[in-house]
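A single chain, nothing else alongside it, follows as structure tokens in the form predicted on its own.
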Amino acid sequence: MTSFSSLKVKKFREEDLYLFLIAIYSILFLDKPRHAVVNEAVEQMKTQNPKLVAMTNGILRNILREEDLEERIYGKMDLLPALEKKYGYPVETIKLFLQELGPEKTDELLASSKEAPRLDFLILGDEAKALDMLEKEGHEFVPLPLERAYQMIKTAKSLDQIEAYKQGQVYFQSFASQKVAFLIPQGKNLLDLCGSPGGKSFALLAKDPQREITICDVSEDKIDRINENIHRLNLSLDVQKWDALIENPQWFESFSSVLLDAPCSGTGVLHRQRGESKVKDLSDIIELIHQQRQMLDQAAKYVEEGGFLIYSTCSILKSENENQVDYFLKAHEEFKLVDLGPSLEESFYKTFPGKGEDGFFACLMEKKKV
């Protein structure tokens, strides 16, 4: 603090110094907008010591403008304790990120967890009508490079009060998630094995309205979420309660496409877990990987000859993504990886979280014809 104040620290009253220290700590370590911290400190100083209001504002804003502030604080620390102190994640979680991603990507991932999620949406109804409704209500949005996909820049109402939302014209869903649905090839039907809240199936229907879709999930709560969205969006899907870990002989070789958006670590969407991300515990990662493999084994049984299996997660960890696909293909020689095009690395669809966007992984595997 001595670097930012013309008044020596020992000259401050104890209670005033505590206010400065709390504000500085909040700026550096709390998951809270920094300018909001400054504003709160200034308001508190108005009642505590009005003579220091201008100085409080000046000192804290100088700290915000300090370009090498983080280097001053963390530069002399070893990498692991520096990341722990800087972002507040458990040590074992940070170790896993470092092992999987390396130092640079780990820092990038943890920094992205502080960002506000981007608000994207998909138009399911009449596109021109939906856009007109949104414009008339004063919302601002821009198109994304995908059919019927948009990013909301500014909202004039809370999301559940937007008329186009209430009428089932739009569905709020990240662009990365929408893109997974657009990787699904044409076909007569689809089985969405871990479908709640239904977004990828809804995005597929926007692309292919004639597709017959069976969507399922493991619990009543998740089924209720699916049905609530289906009712609001005025869609028709076959909804079933089913555990993707359990074999269903009635589905054997019955679907042209099977989507497994598997339960995962959620490491691509830390910014959407703002209330819990700071205590993100990945101690169950081994069990998650085991479940993903079991689910893939079951999902493979439901794909017809010449059909497709789509595997996706909202994780950016290779142990849940590329490694799982490699393990599956070695165990299931009847499947082959489908090339998604030259713009997608290693035949996988991958995004890394940043600027409010989600991290996602997906791949497409085809069941060979005998």
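Treat the numbers as computed from the prediction; the structure is a model and nothing was measured. Each residue number is its position in the shown sequence, starting from 1.
There is another form of the same protein, the form predicted together with a small molecule; it is not shown, and what comes next is about it.
This chain is displayed without the small molecule, yet in the predicted bound form the stretch 259-267 from 135-143, 149-157, 296-304, 259-267 comes within 4.5 Å of it by heavy atoms. In terms of contact with the small molecule in the predicted bound form, the residue from 213, 110, 194, 124 that brings a heavy atom within 4.5 Å is 194. Residue 222 is the only one of 118, 222, 272, 280 with a heavy atom lying within 4.5 Å of the small molecule in the predicted bound form.
Residue contact check for residue 245: one or more of its heavy atoms lie within 4.5 Å of the small molecule in the predicted bound form. For the chain shown alone, residue 218 is a contact residue for the small molecule in the predicted bound form, at least one non-hydrogen atom being within 4.5 angstroms.
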